[in-house]
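Only one chain is shown below, in structure tokens, and it's the form predicted alone.
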Amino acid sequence: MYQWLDERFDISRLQRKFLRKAFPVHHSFFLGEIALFAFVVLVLTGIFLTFNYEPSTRVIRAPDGRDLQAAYLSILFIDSLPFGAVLRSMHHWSAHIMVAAAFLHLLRILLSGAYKKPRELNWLIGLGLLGLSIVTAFTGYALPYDNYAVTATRIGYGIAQSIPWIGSAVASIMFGGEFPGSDRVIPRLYSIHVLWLPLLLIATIGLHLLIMIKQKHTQPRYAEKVAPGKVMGVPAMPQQAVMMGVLFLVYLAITAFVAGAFLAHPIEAFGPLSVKTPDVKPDWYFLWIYGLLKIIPSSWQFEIFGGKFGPEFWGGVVVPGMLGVVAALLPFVDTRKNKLRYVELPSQHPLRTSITVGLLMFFIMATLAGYKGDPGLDWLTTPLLWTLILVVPTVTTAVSYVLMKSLYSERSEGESAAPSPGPGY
């Protein structure tokens, strides 16, 4: 059978060219695979959800006599199915895992210098994948159409509208009309969430993997000493495929356990859409933006030629946009030569590493601002939070730089003082 297929499709050539590619055996290199596994689970559980979800806000009489929107009622129906609530919960937690794994994967690439030439394009594609993952997660926010979902989505709607001159057009394209209120909002977000963004993610993931296979992985640092000049790792088939299969089964087991133990987003606790606005917060990957929106004063606004620049624009568009632009330009600014095949140790580049640590601290402090006004957190005043957001990341960056600079200098001096091996070594 194999010979019959090989004569027609030249499978042996495919195996020699692609299926024998070497994959490094290092735990940090599996972050990308975990993000891919999360996407696969999102697609599979999403198929189940689409079979039982009605993307509509039309009012239907529920079996208990209540008049409910069809979208909300269909989520109640999904939760009533055998394992329906667990599968919906798996969909929810896999979205969190995908965003987290993609972020950590990019963080590893950043700290190891693997974004440099010739991998600039794949770095940009990776940034795009992280952005697409976050946008996809956001478009699924409103679909349950309960009080929590509508309140949280309204924040994103306000950010879209805050863009000067084109905000109304952007909000109209994204939401299909005024949110909430327009009957076109849920069908528009549903089509974006289950069709256009997944197709775009599949195409981008495929391109990302194709470039990675063509350029090969960067090598862990120990490979430079163990086998200098060679590509270390295990072949894609069968060793890497087996490891990925086992890891995927472990991922399924863990997410199924988490989904069953911690059922996500119990919509009955918030109830259907009403005039009452619950005190809710967005998910963790949006919470830092939410924190900025809470502490930026309403007086920070002005108009230029009819375009309004307000707090939602500064916190929801300008700050994330600046960070995205800096990340996109990084491989074209940091053009220092390095050994392209091997990853760089974070300690080798104190400035880059310390700035990254400072940015992480900025995210943490901005996230803390998202809890301003919560019961028991009255000490989180706006002046204090501004001090934390501006001072703590700056101090963290400076301290990290000094410590790593001194440690790297001591290490370099120790290596230079070590005796070089002679002929009889």
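All figures in this text were calculated on a predicted structure; none of them were measured in a lab. In case it trips you up, residue 1 is the first one in the sequence shown, and so on.
The protein also exists as the form predicted together with a small molecule; that form is not presented, and the subsequent description refers to it.
S.K.: Pick from G233, G126, G167, G310: which has a non-hydrogen atom within 4.5 Å of the small molecule in the predicted bound form?
M.R.: None of the other options qualify; the answer is G126.
S.K.: To verify the annotation, which of these, L330, L200, V319, M212, has a non-hydrogen atom within 4.5 Å of the small molecule in the predicted bound form?
M.R.: None of the others qualify; the residue that does is M212.
S.K.: Does the small molecule come within 4.5 Å of a heavy atom in each of I109, A114 and N122 in the predicted bound form?
M.R.: Yes.
S.K.: Check whether E54 has any heavy atom within 4.5 Å of a heavy atom of the small molecule in the predicted bound form, and answer yes or no.
M.R.: Judged by the heavy-atom cut-off of 4.5 Å, E54 is well away from the small molecule in the predicted bound form.
S.K.: May I ask you to state whether H349 is within 4.5 Å of the small molecule in the predicted bound form, using heavy atom distances?
M.R.: No, no contact at 4.5 Å.
S.K.: Do H217 and the small molecule share at least one heavy atom pair within 4.5 Å in the predicted bound form?
M.R.: So H217 counts as contacting the small molecule.
S.K.: Given that the partner is absent here, does H208 sit within 4.5 Å of the small molecule in the predicted bound form, heavy atoms only?
M.R.: Yes, H208 sits close enough to the small molecule in the predicted bound form that at least one of its heavy atoms falls within 4.5 Å.
S.K.: Among 253-261, 267-275, 97-105, 351-359, mark the stretch whose residues have heavy atoms within 4.5 Å of the small molecule in the predicted bound form.
M.R.: Answer to the contact question: 97-105.
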